[in-house]
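Next comes just one chain, in structure tokens: the form predicted on its own.
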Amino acid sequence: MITMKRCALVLGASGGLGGAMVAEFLNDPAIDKVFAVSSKQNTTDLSGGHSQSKLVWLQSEYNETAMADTVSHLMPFAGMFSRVCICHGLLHSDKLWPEKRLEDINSNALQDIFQSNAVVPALWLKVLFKVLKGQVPCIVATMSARVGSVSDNHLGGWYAYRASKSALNMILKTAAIEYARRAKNVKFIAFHPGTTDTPLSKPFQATVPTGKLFTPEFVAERLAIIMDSAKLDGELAYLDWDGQSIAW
């Protein structure tokens, strides 16, 4: 009996959560090969003692031409992907900061944050379709955020980040509907990792309640458990790190 290989794909793999997901999949005996994609070269040994042949690291810019070229390298494994994590995200940088009031809104910052948080994941869903479609159940988790919930917004502020994550959720919902028609083996999850100890959250960690600042390894383990239990129902799930549903 021939068993089809199972592959995992991590996009945005050089970040804290992306690297943790790569390590998590490398430790999963049910996954035969892990593909990691980032705009930076891999300088960290994530193999954890595993054979380096299990990990394939691809460097790519996040424009559609480069992303399509990356997918061409994945085509020999089309239909074998059982796990995909899209880990892109931008909250702040040296040039931009979350808005506290309307006067802080800046068009360039809006465009940069929407590009990273919504546009790039949407393009991945477009170019990856022919790779993910197949008979192997494929769970696609994308890093969303609770602040993308319209009904959960009680504090205001953070206009660009909130709106970009809400836009991401709608993109994922729309893609889930189309994939359900054209690639029934794919299930989408919009995932809220909680406040994770990565550079994205670093400036805001002082106000995090005790016990609510998670390590990337903990979040990766939780997401892996959630993906393992996901059902191919053609619906988008909006879940937090504890597997609880978030209101849209």
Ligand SMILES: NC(=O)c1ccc[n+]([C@@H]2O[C@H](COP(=O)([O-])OP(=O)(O)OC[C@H]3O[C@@H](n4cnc5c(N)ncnc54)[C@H](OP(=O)(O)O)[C@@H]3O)[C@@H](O)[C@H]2O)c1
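Position 1 is the first residue in the sequence shown; the rest follow in order. All of these numbers come straight from a predicted model, not from anything done at the bench.
Omitted here: the form predicted in complex with this ligand. The next part is about that form.
Enquirer: Would this ligand in the predicted complex be within 4.5 angstroms of a non-hydrogen atom of every residue among Ser39, Lys165 and Gly194?
Expert: All three within 4.5 Å in the predicted complex.
Enquirer: Report the stretch among 75-83, 139-147, 95-103, 126-134 that approaches this ligand in the predicted complex to within 4.5 Å, counting heavy atoms only.
Expert: Correct option: 139-147.
Enquirer: Would you please decide whether Met227 lies within 4.5 angstroms of this ligand in the predicted complex, comparing each non-hydrogen atom pair?
Expert: Judged by the heavy-atom cut-off of 4.5 Å, Met227 is well away from this ligand in the predicted complex.
Enquirer: Any chance Leu236 has a heavy atom within 4.5 Å of this ligand in the predicted complex?
Expert: Contact check for Leu236: no, nothing within 4.5 Å of this ligand in the predicted complex.
Enquirer: Even though this ligand is not shown here, does Ser116 get within 4.5 Å of it in the predicted complex, heavy atoms only?
Expert: Looking in the predicted complex, residue contacts with this ligand include Ser116, since a heavy atom lies within 4.5 Å.
Enquirer: Taking heavy atoms and a 4.5 Å cut-off, does Phe35 contact this ligand in the predicted complex?
Expert: Contact check for Phe35: no, nothing within 4.5 Å of this ligand in the predicted complex.
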